[in-house]
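In the block that follows, a single chain appears as structure tokens, in the form predicted alone.
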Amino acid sequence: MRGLTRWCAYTLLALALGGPTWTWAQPTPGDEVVLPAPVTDGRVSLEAAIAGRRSVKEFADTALTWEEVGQLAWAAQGITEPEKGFRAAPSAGAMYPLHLYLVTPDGLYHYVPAGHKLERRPLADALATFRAVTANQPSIQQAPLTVIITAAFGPMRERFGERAEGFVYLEAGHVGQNLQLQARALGLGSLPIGGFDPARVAEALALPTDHTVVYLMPIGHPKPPADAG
């Protein structure tokens, strides 16, 4: 009952806050979405993406496509060496303790690198709930996609001891940079966010209890300047 009461409070707060309503760019999926194959030779050079990367704090009321979502997920955690299972971002001992959760207008998803697919998490009104617990972050209220990076510290601590935490946060930084550069290459904006309550986010979205939320990143089309056009 406490969980239901808390969820209702979050949802009511989200509705009171208001915010954009997106039209999702593809048909409503089922419990699993096999993402479009990623592009591995884009039209924007790495140097151009680095030079153009900036933190974007205001987003347009424009949904992302599954192609864009899939490309971002692949850049963050996609498998780039199938035989050995190596991923787009380096990981100490190839342990890969990080997980990607995506909050979209259509729900909450978990990215599965094997098969390049999303699994829908069974949470009603995930977007409203998430917006309510991150109400102090205006960018999250606007963005059509927020990537949540979580870490399972247990196996890392077993292998690396006191060095585990440092390795995990280094890896989160690698993933975050990949996301920002890929967003830029797609003509999207992103904003790295560390100012949130990890436990509150995890509880609200019913994330696995052995996962710690380490990073939030809203992503979307940058809002045009007020005097544009």
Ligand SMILES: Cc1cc2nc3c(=O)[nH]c(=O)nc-3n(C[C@H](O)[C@H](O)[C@H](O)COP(=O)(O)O)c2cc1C
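Residue numbers here begin at 1 and follow the sequence given. Everything numeric in this text was worked out from a predicted model, so none of it was measured.
Another form exists, predicted together with the ligand; not displayed. Remarks below refer to it.
The single contact residue among 35, 191, 204, 188, judged by any heavy atom lying within 4.5 Å of the ligand in the predicted complex, is 191. Three-residue candidate spot 53, 57 and 195; every residue lies within 4.5 angstroms of the ligand in the predicted complex by at least one non-hydrogen atom. Shown alone here, residue 142 lies farther than 4.5 Å from the ligand in the predicted complex, counting heavy atoms only. In the predicted complex, residue 150 stays away from the ligand, with no heavy atom inside 4.5 Å. In the predicted complex, no heavy atom of residue 91 sits within 4.5 Å of the ligand. Residue 134 falls outside the set of residues with a heavy atom inside 4.5 Å of the ligand in the predicted complex.
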